[in-house]
Structure formats: C-alpha cells, structure tokens
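The data below hold one chain only, encoded as structure tokens and taken in the form predicted on its own.
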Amino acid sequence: MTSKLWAAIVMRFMRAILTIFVVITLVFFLSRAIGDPVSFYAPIDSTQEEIDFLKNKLGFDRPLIVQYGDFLYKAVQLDFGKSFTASRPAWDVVTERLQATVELGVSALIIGIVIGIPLGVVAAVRRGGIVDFSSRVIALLGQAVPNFWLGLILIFLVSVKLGWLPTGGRGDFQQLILPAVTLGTFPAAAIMRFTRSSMLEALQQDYIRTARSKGLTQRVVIMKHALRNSLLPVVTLMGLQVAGILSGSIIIETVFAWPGLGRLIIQAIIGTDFNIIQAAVFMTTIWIVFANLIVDISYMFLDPRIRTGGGSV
C-alpha cells in the first residue's frame, strides 16, 4: 500500500479513538448528572454515616475532575469496578456475554447480505417484473414489521405448532436459527432496497453502455462493472446496520432468552447495576466505531478516489 493510503488509514483510526474518548467522557458526566452515584450502591435504609463512608470508599467525595481522571485511567485498563449483582469485575461479565451477541449479530448480518444483495441485483436487472415487485413487497414488510412481533410469531408457528426448532436459549446451531432470522430480516430488507436503487442508477451510466458496446456478456457487465460501483452506499448501510443489529438484539435476546450483551443490559438497567451499564456502553461504542472504521477503510479499496478524502468515522 502507498504512503497516502497508510496516512488515510491512520487518520481514520485516530478519529475512531477520539470518538470513543468522547463517548466515555459523556458516559461519565451523564452518570453524574442523573444523580448521586452512591444511590446505585447504598441500600435504601442506609444511614447518612453509611452513605458518607461509602462515598469515601468509592472515591465519590473527591472533586469531579479528579474522579474523571481516575475514571479515564481505569477505563483505559478496562476497569469499570465490580458488578453489583454478580460481585465480579463488570468488564469480565460484559465480555463473557459479548461472544453470544457477536454470534447472533454476525449471523443476522450474513443473512441480510446473502438475501439482500442478490435479491436487489435481480430486482434491478429485471425492473418491473414479478421478481422486482415481489422483492419490494418483501422489503416493505421486512422493514415495517417489528422484529419482536416477528420473533413471537416464529416461535408460535415454527417452535410451538410445528416443533421444528427450540423456542430459545443458546447451545447448538438450531437455537441460533430463529433469533438470527428474526434479527436479520430488517437488514436484509434494507440492503435489498439500497442495492436495487444503487444498481438502477449504475445501469444508466455511460460506462455500462460502453461495456455493452464492447460485446461484454450481461453477467460481466452486471457483476464486474455495475455491482462494484453500486456497493459504496450498500457498504455504508452495512456499517449502519451494525448499530441497528446491536440495538435490535436487546429485544431479540430477551424474546429468545439468548444470553447475550443485549439481555445483560436489560437486566443491568432493571437491577440498577451501574458498573455493568458503563462497561456495556463502552463495549458497544468500540463495536460500532470500529465497524464504521472498517467500512471507511473498505471505501478506499472500492473507490481509490476516497483515499485522500473525508471519511465516515
């Protein structure tokens, strides 16, 4: 790779680090803005002496700027304190649940890509046909139907009525199918629509007419010329879908009793486990920021003109 490409990658990496820094700073100050953090730890019937002792023990009686510096220092070391409910380091609890969420999220994104891109290409190439009409209807339903409702319907039909797949839990491949399909429905619909729209625009360009005039086959024109130049907005959408899948997994993991990060966040909010919430927010920020970083870098390989331009991170 050229020095300009390396410089562009380093610049985007630095932007990613800055974004993470801003987010964890917001987490710190917002947590203090909503009230005294000691209230998350102290029992309801605690005396003032017990509260003061707890403040001193946890360092909340120090100046805010000192607390902020200590928070950043510990965050860099991935130390967010102990979970109130699990009595273990919060970061360890979050990382244990992350594997399940990544497994579910990657499976859902793969479903979205495998279904969305081919269907979008076929719909664009055969514009106005039955495939185009059917795919648009499917895409509309995929984006309109709430995924938690779809999950409940799939559980009722596939698991309860037909008995084909388990209703929830995690352990084998069969338990992954229903939550992955449910979570992957929206990305598949969105990717299909973006692919179709981008392909329709690309097929009207002069370079496509030139390629056809050279006698290239339809397959080469579509796959090598039209599709490659149509991927930039689709890749952008894939980066955005990482955040969407993560937020959607909070509900889907609860519906299917999937022991992932989303379900942990719900449990932490209900149990006011403040340290778990902070660690989970930090983890999800890293996930989303670096997913967008990968998308940004992939732009430079899909379109060399972007290598010295702005990025999406």
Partner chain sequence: MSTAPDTSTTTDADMDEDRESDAALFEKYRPRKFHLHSPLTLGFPIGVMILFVITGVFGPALAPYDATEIDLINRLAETGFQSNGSWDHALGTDDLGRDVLSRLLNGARLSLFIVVVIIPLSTLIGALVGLFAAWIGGWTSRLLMGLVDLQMALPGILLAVLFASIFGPSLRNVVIVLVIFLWSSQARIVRSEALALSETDFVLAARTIGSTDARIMFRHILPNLLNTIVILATLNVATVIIAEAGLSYLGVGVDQQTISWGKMISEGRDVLSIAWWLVTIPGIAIITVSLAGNLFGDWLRDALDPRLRHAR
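Since we're looking at a predicted model, the values are computed, not measured. Residue numbers count along the first chain shown, from 1.
Omitted from view is the form predicted together with its partner chain, to which the following refers.
- By the criterion of a heavy atom within 4.5 Å, Val22 is counted among the residues contacting its partner chain in the predicted bound form.
- In the predicted bound form, its partner chain sits within 4.5 Å of a heavy atom belonging to Leu152.
- Using a 4.5 angstroms threshold between heavy atoms, Gly215 stays clear of its partner chain in the predicted bound form.
- In the predicted bound form, at least one heavy atom of Ser197 sits within 4.5 Å of its partner chain.
- Considering its partner chain in the predicted bound form, the lone stretch of 80 to 88, 173 to 181, 239 to 247, 217 to 225 in range is 239 to 247 [heavy atom distance within 4.5 Å].
- Of all the residues from 130 to 149, those having a non-hydrogen atom no more than 4.5 Å from its partner chain in the predicted bound form are Ile130, Phe133, Arg136, Val137, Leu140, Leu141, Gln143, Ala144, Val145, Pro146, Phe148, Trp149.
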